[in-house]
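Same protein, same chain, two forms; see structure 1 and structure 2 below, as structure tokens.
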Structure 1
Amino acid sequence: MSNSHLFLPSGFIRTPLQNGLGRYIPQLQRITIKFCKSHGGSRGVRDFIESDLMEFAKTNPGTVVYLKPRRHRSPCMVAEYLNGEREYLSCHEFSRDEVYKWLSYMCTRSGIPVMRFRKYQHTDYPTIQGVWNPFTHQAPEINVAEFPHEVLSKPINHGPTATEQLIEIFKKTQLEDPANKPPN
């Protein structure tokens, strides 16, 4: 399952100007809604403007809403963000709810372009105890050890070999019942 066939750029999640660390600043700077006053394709937009727009403007006082009636053109909305990015969305034949849904989608975005997130976390301090290097957790005894060393030359946590385990079992059985044949 690779992502090379996607033309979508990929990146790590980020936010402009450490937004949210101190205070949250809504990133949508202004939104321009262009619509036709008579054509049918703008009906949903016109209904939205008549009913839900004032409430939207009151709940988002940090965003300037511009309305631009244009004759004989299909409706669209252009969102401008604080980092200078613009986003265009055609609202042709949208219903009133669809317009509201897409408008609230624009509100929650920052201007950073849509991309595939490689990771859903980001940190500027990826390590606290320090990145592992081959010297981490090495016993200081290796500095002055003469090799071959009886402890350090062997693999750690070796455990008894199969032969040694069998010998142990044999010795146990020998102690219990010396008359029996050894299991070999």
Structure 2
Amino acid sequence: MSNSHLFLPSGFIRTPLQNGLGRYIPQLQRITIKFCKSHGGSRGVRDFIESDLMEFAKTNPGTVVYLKPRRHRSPCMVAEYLNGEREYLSCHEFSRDEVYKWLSYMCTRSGIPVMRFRKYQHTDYPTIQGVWNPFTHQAPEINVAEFPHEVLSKPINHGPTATEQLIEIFKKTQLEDPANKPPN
């Protein structure tokens, strides 16, 4: 097992500016695709640009796409997010499908750096009541009782069940209005 997770920064799960609470705002602000027009390692990127880039731009109108041709350089993508973070990805020898996959991945990210979670739930407003457990509202005599205890072993009767209450209400309405009586 690897210990590489120990070197990741740790933090709590969060969303940027409560995104998705009212409406969803895509966090990818702009993507810059850098490629060479003649280099062999840029073939997949060029194929993506020729066939799929227009479709991508139509489906993601909130993302600005820049194309930057560079001579004799390896292709790469630079994603810039609304929170100011930048993500760099080398696309050397990527196929057209791999370029589309990584571009889709960058579109769905929030721009928050990858981190190790301390807990999988977090609130900015912690409760002052403490954590609930099954013994929170139990009778205090349970603490000193020796089991089996005659009184505590009996089932608790809290009154009539919901079904019994509905049957009683139905009977009352039948007695009050004789026109609604079912035939015998």
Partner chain sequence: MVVKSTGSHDFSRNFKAHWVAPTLRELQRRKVIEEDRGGGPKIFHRSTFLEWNYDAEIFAFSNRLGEKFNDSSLRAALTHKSYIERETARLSDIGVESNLQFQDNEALAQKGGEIMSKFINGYLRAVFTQVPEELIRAMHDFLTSNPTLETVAKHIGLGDLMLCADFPCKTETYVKSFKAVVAALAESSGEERARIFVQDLVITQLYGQDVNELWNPVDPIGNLTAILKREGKAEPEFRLIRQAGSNSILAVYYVGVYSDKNFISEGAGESLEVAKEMAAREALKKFFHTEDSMRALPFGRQLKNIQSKIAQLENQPNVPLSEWISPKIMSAVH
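Owing to the predicted nature of the structure, the values given are computational and were not obtained by experimental measurement. C-alpha atoms forming the largest set that superposes within 1.5 Å between two forms make up the rigid core. Structure 1 provides the reference sequence; residues are numbered from 1 along it.
**Student:** Just one question: which structure is the form predicted alone?
**Tutor:** Between the two, the form predicted alone is shown as structure 2, not structure 1.
**Student:** Would the C-alpha of residue 59 be classed as shifted by 2 Å or more between structure 1 and structure 2 after rigid-core alignment?
**Tutor:** No; residue 59 is a residue whose C-alpha shifts by less than 2 Å between structure 1 and structure 2 when the cores are overlaid.
**Student:** Tell me whether residue 16 is among the residues that move between structure 1 and structure 2 (Cα shift of 2 angstroms or more, core superposed).
**Tutor:** No, its C-alpha moves less than 2 Å.
**Student:** Using a superposition on the rigid core, decide whether the Cα position of residue 138 changes by 2 angstroms or more between structure 1 and structure 2.
**Tutor:** It does, since the residue 138 C-alpha is displaced 2 Å or more between structure 1 and structure 2 after the core fit.
**Student:** Cα of residue 157: shift between structure 1 and structure 2 in Å, core-fitted?
**Tutor:** For residue 157, the alpha-carbon shift amounts to 17.3 Å.
**Student:** Superpose on the rigid core and then read off how far the CA of residue 123 has moved between structure 1 and structure 2, in Å.
**Tutor:** A shift of 4.2 Å.
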